[in-house]
Ligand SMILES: N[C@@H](CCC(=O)N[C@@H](CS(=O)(=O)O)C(=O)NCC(=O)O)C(=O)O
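Read the single chain below, which is given as structure tokens and is the form predicted alone.
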Amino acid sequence: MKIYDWPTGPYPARVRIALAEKNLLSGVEFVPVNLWKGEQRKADFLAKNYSGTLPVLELEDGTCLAECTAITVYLDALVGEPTLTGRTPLEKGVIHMMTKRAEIEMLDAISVYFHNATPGLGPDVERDQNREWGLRQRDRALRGMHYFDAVLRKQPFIAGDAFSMADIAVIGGFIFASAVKLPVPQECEALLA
């Protein structure tokens, strides 16, 4: 397997965490795609992933899977334990729901903030920035942090009693928040723990 990623990227970190949890890191070749130089927007990369996003998993037969959730589902089916996407229909549903919430309320919101209300990846990569929209998404991310703090005050993990893909998505949010210097509010004690 090959993983096209950028070592400090929050979305690629999600797949690296899943690979580590599944004990698969040693069997993966990591191919860096330099976000700061806009390599994800070059034709050869877009042929692998039309969206121009990272990470991308390329299988031996040339099949490419993009999107963290899709890659994690594939890895979970490839190696059973530990299960990151759930065992029962209810677990699977709750994990997917909470993963999507983590993406919308933290990761994607922080991404929009980064790309619109900060210099982002720089003028050679960033195109049409909208500072007001970026700041609104920053506020959304902060609300999301409060939401996940409330969740963790009631249960040990984001989607219930076991570590899952949803927790990995929130960790990705932490990585992105740290990179853009957006601190988790101190009152979010359960989330910070």
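When you see a residue number, it is the position in the sequence shown, counting from 1. Here the structure is a predicted model, which means the values were calculated and not measured.
As for the form predicted together with this ligand, it is not shown, yet the points below apply to it.
Student: Wondering, does Asp76 line up within 4.5 Å of this ligand in the predicted complex on heavy atoms?
Tutor: No - in the predicted complex, heavy atoms of Asp76 and this ligand never come within 4.5 Å of each other.
Student: Is Glu105 close enough to this ligand in the predicted complex to count, meaning some heavy atom within 4.5 Å?
Tutor: Glu105 lies outside the contact set for this ligand.
Student: Using heavy atoms and a 4.5 Å limit, would one call Gly52 a contact residue for this ligand in the predicted complex?
Tutor: Yes.
Student: Does any heavy atom of Val94 come within 4.5 Å of a heavy atom of this ligand in the predicted complex?
Tutor: Result no; Val94 lies far from this ligand in the predicted complex.
Student: Would this ligand be touched by all three of Gly9, Pro12 and Gln40 in the predicted complex, meaning a heavy atom each within 4.5 Å?
Tutor: The answer is yes; Gly9, Pro12 and Gln40 each reach this ligand.
Student: Tell me which of 54-62, 163-171, 128-136, 149-157 has residues with heavy atoms within 4.5 angstroms of this ligand in the predicted complex?
Tutor: Checking each option against the 4.5 Å cut-off leaves 54-62.
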